[in-house]
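One chain comes next, on its own, written as structure tokens: the form predicted on its own.
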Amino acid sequence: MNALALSETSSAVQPQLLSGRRYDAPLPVLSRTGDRERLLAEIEASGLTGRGGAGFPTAIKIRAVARDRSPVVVANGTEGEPASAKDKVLLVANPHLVIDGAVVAARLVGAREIVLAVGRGDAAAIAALERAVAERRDKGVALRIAAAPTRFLAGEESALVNWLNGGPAKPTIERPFERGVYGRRTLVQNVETLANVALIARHGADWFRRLGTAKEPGAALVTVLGAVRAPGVGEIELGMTLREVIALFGGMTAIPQAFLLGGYFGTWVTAHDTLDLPFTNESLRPLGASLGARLLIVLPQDACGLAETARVVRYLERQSAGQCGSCFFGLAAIAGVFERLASGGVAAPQAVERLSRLVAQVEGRGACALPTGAAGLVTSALRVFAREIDAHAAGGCCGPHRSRVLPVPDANDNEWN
């Protein structure tokens, strides 16, 4: 595992993220249909799933796009999740591996254009990609870099495609694998997923499966923050316990109260329930949690989980596209009630009851996953911080005056284009 501090994402850093097992072998040319089918079968046998959060099987997604005559490949490195930095670090440290994977994907689906999408504010990643593209000599494909708005939702694949087509970076009902960039079928893959595609193309499914578990094979990049000695990004083997993952980041600096797993669409879990669980979706599913954006935040005992959650929920509400009532009205109401809950006072029981009603009204609705993700975060907070709620009701917690643990941007970026 190679952990990298978040402050070290400049181009001067050269960790071997996702490449320590070498990638000097040439990429397959895939000039014949049989070659493409064999590699697709290899990717399918590897068990590789998307590393952007949804975890969809990569081979199935590629096959869905390969039916078109002139598809487009989009390498998605926008990473709108404020607490995650894995894609930024990968793009800075190893842009060629990401581009290799995009080139392989383009050859598999027959695409002649690759869009390398990155967040507009990620200057180091943009610079690394610009240098890498200038050094490439890939035949048959055109590479271009697109700097997308730095919104939480801008990286959602339909929002990203809508922006690439000249619209705002807001989710739509279009499915990119059916109608994407220029109206063509479009393969949108997370940059870490594509880096793994390049490695599987070189070394095969058996090599990839040497790490991880039978159901969730391979390695993954994770961001670990909060009460740990060396917060940052690192590469882990799927199936390691949370305790082992945290140890690779220097161990904890305080007694943990809870963990936030998966990101701001993620789930709060109590620390004692999860420390010795494998870091896999299969193990976390009974707790209502998942790997999501592969983010792990350690909340110390002296932090207020309600105040932390209130700030995140308000951030999510402000990042809403405002296209659906579940976000425009529902998230605004949830954020307001949760802020009152975090402030403390005798109204806490009524706030909990109202939050339960509001969550039920927004969950599973809207054009994107934002209301459902926010609802899940709130539900898990009400469960995990039940004692904190009682303390707030009795006036025994200073709530939002405590030190902050979760990174939330102060400014609200209103740019959608």
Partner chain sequence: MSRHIRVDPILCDGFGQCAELLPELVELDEWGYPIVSDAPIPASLGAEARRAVAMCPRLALALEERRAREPAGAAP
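Only a predicted model underlies this, so the values are computations on that prediction, with no experimental measurement involved. Positions refer to the first chain, counted from 1.
Quick note: we don't show the form predicted in complex with the partner chain, though the next part is all about it.
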Practice task
Decide if the three candidate residues K88, H96 and G262 all line the partner chain in the model of the complex, where lining means a heavy atom within 4.5 Å.
Solution key: no
Handout entry: The unique member of A66, L27, L40, A367 whose heavy atoms fall within 4.5 Å of the partner chain in the model of the complex
Key = A367
Fill in the blank from the handout: Heavy atom within 4.5 Å of the partner chain in the model of the complex, from candidates V384, L48, L358, A351, belongs to L358
Practice task
Mind telling me which stretch in 291 to 299, 230 to 238, 316 to 324, 99 to 107 gets its heavy atoms within 4.5 Å of the partner chain in the model of the complex?
Solution key: 316 to 324
Handout entry: in the model of the complex, F177 touching the partner chain (heavy atom, 4.5 Å)
Key = yes
Problem - in the model of the complex, T193 touching the partner chain (heavy atom, 4.5 Å) - result: no
Handout entry: G218 within 4.5 Å of the partner chain in the model of the complex, heavy atoms
Key = no
Problem - Touches the partner chain in the model of the complex: Y182 (any heavy atom, 4.5 Å) - result: no
Practice task
Note that the partner chain is not shown here; using its position in the model of the complex, name the residues of 168 to 185 with a heavy atom within 4.5 Å of it, in sequence order.
Solution key: P171, T172, I173, R175, F177
